[in-house]
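Only one chain is shown below, in structure tokens, and it's the form predicted on its own.
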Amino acid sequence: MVFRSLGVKRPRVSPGLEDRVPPGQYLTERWPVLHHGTIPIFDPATWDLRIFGLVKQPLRLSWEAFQALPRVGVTADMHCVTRWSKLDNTWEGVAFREIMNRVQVLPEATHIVFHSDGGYTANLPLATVDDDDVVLATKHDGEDLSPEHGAPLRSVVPKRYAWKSAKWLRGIEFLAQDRPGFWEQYGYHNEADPWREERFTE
């Protein structure tokens, strides 16, 4: 199923915001909760983040070690495949490029897979996440992430639909080829560009 083929009437967007709201989206002040599976329990004593695959220096970071990494703030819009958009989200966390620099990504790496608690995965081209607005976030709008929104750690990839911004992040794998993530295996579009309405595979 593809939304474009259904003749769905596109919601109106306030004047001046057309260049920030992709086709078929509507604005919301709320932050809807959508995810697959149950919300995991966070234990800072046992939690870790593993970075592995095609890297020179694989890492396994404890929660304390992750919290000690340099922090950044990013303000970006979020677009969900279910058609809502939430503007001007402020994220705080660790830049994805910080992780890339620390593990020294090998030249043959072309893609990454985010691994989350519960077995959820999300795949992306390395060129997409190698961007200054991609962050591994622990805070949203000045507050710690809530469990339903991915605490303690979620990826944030603003230029893609929100299912690519994996909640409850526990691993980042660097690959020499693409590997479909959880929703991609069920027919969601591999690229997930909201401006092209890449919701589902044709």
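What you see is a predicted model; the values in this text were computed from it and never measured. Heads up: residue numbers just count along the shown sequence, starting at 1.
Separately, the form predicted together with a small molecule exists; it is not shown, and the next lines address it.
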- With the partner left out here, if you bring back the small molecule in the model of the complex, are W84, E148 and A166 all within 4.5 Å of it by some heavy atom? yes
- Query: Looking at 47-55, 149-157, 64-72, 172-180, which one sits within 4.5 Å of the small molecule in the model of the complex if you count heavy atoms only?
  - Reply: 149-157
- M78 within 4.5 Å of the small molecule in the model of the complex, heavy atoms: yes
- Do V134 and the small molecule come within 4.5 Å of each other in the model of the complex, heavy atoms counted? no
- Taking 4.5 angstroms as the cut-off for heavy atoms, does N123 touch the small molecule in the model of the complex? no
- Report yes if any heavy atom of H35 sits within 4.5 Å of a heavy atom of the small molecule in the model of the complex; otherwise report no. yes
